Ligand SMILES: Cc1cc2nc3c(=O)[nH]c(=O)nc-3n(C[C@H](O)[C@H](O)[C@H](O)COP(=O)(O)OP(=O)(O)OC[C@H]3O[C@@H](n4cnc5c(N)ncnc54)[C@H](O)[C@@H]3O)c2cc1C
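One chain comes next, on its own, written out as structure tokens in the form predicted alone.
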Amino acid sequence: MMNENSQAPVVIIGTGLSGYSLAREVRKLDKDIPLLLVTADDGASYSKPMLSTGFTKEKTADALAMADAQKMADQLNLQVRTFAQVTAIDGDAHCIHLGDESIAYHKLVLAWGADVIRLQLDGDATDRVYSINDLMDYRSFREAVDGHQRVAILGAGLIGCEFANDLRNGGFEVDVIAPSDTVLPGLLPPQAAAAVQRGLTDGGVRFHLGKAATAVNGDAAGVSLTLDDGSTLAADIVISAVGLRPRTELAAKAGLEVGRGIKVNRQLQTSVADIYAMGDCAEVEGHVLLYVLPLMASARALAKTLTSEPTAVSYGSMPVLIKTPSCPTVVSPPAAGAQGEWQEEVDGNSVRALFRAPDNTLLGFAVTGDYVAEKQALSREVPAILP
């Protein structure tokens, strides 16, 4: 059946890297198709991975912004609605709701990303716990940390380690608290994780692993974190970096099938006609990949689907660069449930870890230090994620 809203725009919810990347790819193929981007923030274009390099590069939030919403609208011949909160999606009527306002769409793309996982902390200073998930969060944190010196980071995963390295480069005292026994748990094998921890420790980061924060209270000098072993830790400000969770609530309320993310097929089509999802909020045939390379592949494929011909997305080998210059690291994790074992070669903080199947096929790798130079050769050897 023909969409009755065929003259309505393609509506993209989200103006992060996903939303603007898709808009750019669409414009390469079709200069005139109506595009409307809707965002809950100010619509500034920026690269989210750069948020964890801002102190190293001495970049304010304004300096990280590449263009404001109006400039993006002019560049890409589209409309941007800023500070607009989508409250409902009506797939049958082909419209979204912004409170009492209804906006019709021809096709709808959910590119609204992921939410930070928020810890349940006791205490009277939880307002000094910051999560940095977008440019507006980064601006708030930079303003709050100005004039302070001591930062406590909750979480030793990718974001926690990247911010730890960045803040040390910016001259801050940094303590990392996490319940895991290693840094980057679930992403790196033991020897590679140990190398990253050594590199960061040598750079001045203090780790408190095997512990979790339970409360944050204010005191005359800043804040005091209470840990689950009864000890306390002093800081001026706290970053919570315990992970991200794809945004699915509004999609589920609209009747879209969700799992860990919004479920889509290889054409990024959801279970409801004319609604697509991509980026951090999407679950593509069981894969939730919160990284740049799969996002860009999705943007290119979906642009074709929206403008010319249905196109399935393909994910090749997509190694993840972990921005910890104290110990450069690249990882291509093996697929979940893959049969095999890690083989690790260690030379100081240079580690070559190869995950091989019983038949010696290379299924994943992690390299640190000098071995990072091998990342391209190893990437060619590991299987594609979605061929």
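If you're wondering where the values come from, they're calculated on a predicted model, not measured in any experiment. Quick note: we count residues from 1 along the sequence shown, nothing fancier.
From this point on, the text means the form predicted together with the named molecule, which you will not see here.
The listed set 194, 223, 114, 167 contains one residue whose heavy atoms approach the named molecule in the model of the complex to within 4.5 Å, identified as 114.
Put simply, of 341, 344, 41, 30 only one has a heavy atom within 4.5 Å of the named molecule in the model of the complex, and it is 41. Using a 4.5 angstroms limit between non-hydrogen atoms, residue 357 is distant from the named molecule in the model of the complex. In the model of the complex, the named molecule lies within 4.5 Å of some heavy atom of residue 162.
Using a 4.5 Å cutoff between non-hydrogen atoms, residue 256 does not count as a contact of the named molecule in the model of the complex. Residue 128 falls outside the set of residues with a heavy atom inside 4.5 Å of the named molecule in the model of the complex.
Residues placing heavy atoms within 4.5 Å of the named molecule in the model of the complex fall in a single listed stretch, namely 48-56, out of 48-56, 65-73, 331-339, 347-355.
Counting a residue when any of its non-hydrogen atoms is within 4.5 Å of the named molecule in the model of the complex, the hits in 243-265 run 247, 250.
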